[in-house]
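Shown below, as structure tokens, is a lone chain in the form predicted alone; questions about how it binds or moves come after it.
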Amino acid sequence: MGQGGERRKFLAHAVQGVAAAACGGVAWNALLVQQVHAVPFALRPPGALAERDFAAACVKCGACVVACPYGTLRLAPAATGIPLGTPHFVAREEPCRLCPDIPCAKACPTGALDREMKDINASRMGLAVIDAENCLSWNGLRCEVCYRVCPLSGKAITIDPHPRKLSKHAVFVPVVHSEACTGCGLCERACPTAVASVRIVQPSLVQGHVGEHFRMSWKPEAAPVEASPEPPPSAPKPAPAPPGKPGNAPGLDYFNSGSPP
């Protein structure tokens, strides 16, 4: 090969290298954009920190995935909207089984999952939300599957009777209580509709905030009742008034005597 051919070969390799570097830069930029604009509905393992703190603390090692005995957790692949390599689960496919010993959190080496958490029922992975338009119970059928599979049935999910509009029979509908729902996803997995009529989502997507300027006095925590102050020990107690009689001076108990003063 002549000197001109060597020059052309060198230039071709140089162009290929530049193209490869450019593609790598585009891919890296796309990854960074994905991390910044990650979807807010990824369901994290029990004990996960708040999403921003979790993303900063998680080193994507997969230790929690290996420790999960049910194969619930998976590492996010590219182009899913979830930060690449972070652990999550899909409730409709495999929900969290709420292991009492919380092995996934204990395996976390960085504290992205709370290793000090003792009660698995205290985890808040998400919040169950019921689609009343498609829920079988809300449409008048006796389903109640979500209530029966809920590990905290009676607390996280209750069944409330609602009157029918055209019948004397009641409709028994599931109601979710956010203060007890762990977001495990067992209800979503068990829902018998073709597309689940109960979904696990991040609470921030569906819950509002009342605000501190509202006062709801009917709630015990909103208006604490203060005990009436006791009189000082040295203060004498007033003597009881004598029974009222007709003709007594005003101020006595003439109401019980039957006659005004």
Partner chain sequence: MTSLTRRAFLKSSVAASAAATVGLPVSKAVLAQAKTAEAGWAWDKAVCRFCGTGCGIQVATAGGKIVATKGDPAAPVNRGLNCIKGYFNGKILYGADRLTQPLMRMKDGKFDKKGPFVPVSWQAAFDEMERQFRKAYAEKGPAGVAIIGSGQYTIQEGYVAAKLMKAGFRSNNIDPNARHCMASAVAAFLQVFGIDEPANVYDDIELADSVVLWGANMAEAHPILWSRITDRRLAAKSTKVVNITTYRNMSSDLADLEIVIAPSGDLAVQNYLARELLARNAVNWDFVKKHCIFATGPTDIGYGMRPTSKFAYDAEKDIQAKELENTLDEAEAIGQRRKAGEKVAQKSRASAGAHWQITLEEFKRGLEPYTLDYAAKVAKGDPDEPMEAFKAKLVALADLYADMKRNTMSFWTMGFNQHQRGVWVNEQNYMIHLLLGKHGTPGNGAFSLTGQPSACGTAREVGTFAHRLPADMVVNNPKHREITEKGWKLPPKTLNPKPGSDIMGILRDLEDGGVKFLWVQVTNPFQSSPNANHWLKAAREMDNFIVVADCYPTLSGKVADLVLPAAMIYEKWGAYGNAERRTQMWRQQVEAPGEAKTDVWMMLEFAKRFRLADVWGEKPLPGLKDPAFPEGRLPDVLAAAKAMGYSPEQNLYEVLFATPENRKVAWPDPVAKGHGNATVKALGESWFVEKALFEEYAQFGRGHHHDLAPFDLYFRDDVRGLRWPVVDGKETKYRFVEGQDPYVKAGEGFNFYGGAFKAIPTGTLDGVTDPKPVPLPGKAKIFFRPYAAPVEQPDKDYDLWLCTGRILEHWHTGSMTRRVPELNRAAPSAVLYMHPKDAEKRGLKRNDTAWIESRRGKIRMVVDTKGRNQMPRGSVFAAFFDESLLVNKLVLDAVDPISRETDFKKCAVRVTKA
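Note that the structure is predicted; figures quoted are calculated from it, not measured. Numbering follows the first chain given and starts at 1.
From this point on, the text means the form predicted in complex with the partner chain, which you will not see here.
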* To do: Evaluate Leu136 for contact with the partner chain in the predicted bound form, applying a 4.5 angstroms cut-off between non-hydrogen atoms, and reply yes or no.
  => yes
* Asked: Any chance Cys181 has a heavy atom within 4.5 Å of the partner chain in the predicted bound form?
  -> no
* Would you check, heavy atoms only and a 4.5 Å threshold, whether Arg164 touches the partner chain in the predicted bound form? => yes
* Answer with yes or no whether Pro100 is in contact with the partner chain in the predicted bound form, where contact means some heavy atom within 4.5 Å. => yes
* Heavy atom contacts to the partner chain in the predicted bound form at 4.5 Å, residues of 158-190 in sequence order -> Pro161, His162, Pro163, Arg164, Ser167, Lys168, His169, Ala170, Phe172, Arg189, Ala190
